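Let's start with one chain on its own, the form predicted on its own, as structure tokens.
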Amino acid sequence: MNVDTLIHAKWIIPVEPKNTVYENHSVAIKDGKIEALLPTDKARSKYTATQERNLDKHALIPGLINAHTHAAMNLFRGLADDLPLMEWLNEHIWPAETKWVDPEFVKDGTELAVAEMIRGGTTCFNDMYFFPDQTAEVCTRIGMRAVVGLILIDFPTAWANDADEYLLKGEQVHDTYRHDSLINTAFAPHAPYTVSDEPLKRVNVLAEELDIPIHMHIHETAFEVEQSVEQHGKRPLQRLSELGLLSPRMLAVHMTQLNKDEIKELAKQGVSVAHCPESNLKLASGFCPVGELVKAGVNVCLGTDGTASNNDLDMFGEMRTAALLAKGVANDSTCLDAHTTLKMATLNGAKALGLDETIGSLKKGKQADIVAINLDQLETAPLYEPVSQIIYSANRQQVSDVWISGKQLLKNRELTTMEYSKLMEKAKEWELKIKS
């Protein structure tokens, strides 16, 4: 039987079934989808392929899913470090955005972010930023999978002036890309403290009509919660619950300030949580109680946040930090094991975005979003258990090859649809412009 691609690997870690590692197995790809996972000797006898790769020192995993980021903010990497969140936002980031953000900024910043993510094994990202039409255009041109956030905020920006315009433009982006195989959309109201009740009610109705998720920063800091109690007489989650926003559509980002009743409510309502451990640590925002959330049955996924507050889009670093931090916060070394952490960065992210039927695990019929990791390196030797090595020892430089829908976007560490030298030139141009 002829297929498009055969990849032979030392290990395949499919994520589904859970806690599974296949040794000396292969994956067959046809028409952008996974045709089969099977032992390599059987694959060689059963299939012929247009392209064949022998990766006998590598582990194959599902493409990593960055469940929360602001891709274009790559151009602000390191601009205002070591500051508290509200000072960082009010005195540095928002003024810089007012000055610089336009379609060109978003296009160039997103290209840099996508290149970084592909080189780090990320095959899908969930974005929240202005000019989402530019983000979508970049991704379709390059071949990257993305969930593009339809941003909503109470105040005027370069993208829109008021709620009516934000929502109108958002719906236009959704309509433009609703049949695109790589682009999905989600409503992205920024945060409870920047979006008022009426626009949130409209988002809830529209999300139901369009059948798309809602992606929002919630309970990021203690200050946010205190401010909500002063202004509304209730915590942000209670307010959102009363507006009808807590449902399986909701992806709540950060969630560092949670009590036990709120955790129960999240589980009851099917809300997903995007945990961004490194950004939260850097901004001293608090600790998301990941162990308690997982124990309660909440779907927890991982995001990097933007590079202005992280300062990278490294999901390998995020996985390691998440696993270690969860153990420390829970005072329990077993609360987040390596397999669970990998699932958070893959299948859980897909579920949070409503994409778990098509991506997030290596399974027949799913899109061939696949990452190869070279584990035959000093940094991951000796090797006793590949998933543990990936979470606790490996780094993103060990990603050798990346496929999205069966198309190879990284081959032997080289980008196939972007020019590295041009990306570096563009980054330097923006550095000089913003510094001036």
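The structure presented is a predicted model; accordingly, all values stated were derived computationally and were not measured. So that there is no doubt, residue numbering starts at 1 and follows the sequence shown.
Keep in mind the form predicted in complex with another copy of the chain is missing from the figure; the text below concerns it.
Partner contacts here mean any heavy atom within 4.5 Å of another copy of the chain in the predicted complex, and among 263-271, 329-337, 149-157, 188-196 they occur only in 329-337. Taken together, the three residues S45, R53 and M344 all stay farther than 4.5 Å from another copy of the chain in the predicted complex, as judged by their closest heavy atom. Distance criterion of 4.5 Å from any heavy atom to another copy of the chain in the predicted complex singles out D82 from the list E357, E242, D82, D164.
Taking S400, S405, T380, T40 one by one, only a single residue has any non-hydrogen atom within 4.5 Å of another copy of the chain in the predicted complex, and it is T380.
The closest heavy atom approach of V253 to another copy of the chain in the predicted complex falls outside 4.5 Å. Residue contact with another copy of the chain in the predicted complex: E431 places a heavy atom within 4.5 Å of it. Taking the partner from the other structure, another copy of the chain in the predicted complex has no heavy atom within 4.5 Å of any heavy atom of V21. Contact annotation for D376: at least one heavy atom lies within 4.5 Å of another copy of the chain in the predicted complex. For the stretch 261-287, the set of residues having any non-hydrogen atom within 4.5 angstroms of another copy of the chain in the predicted complex comprises E278, L281, K282, L283, A284, F287, in sequence order.
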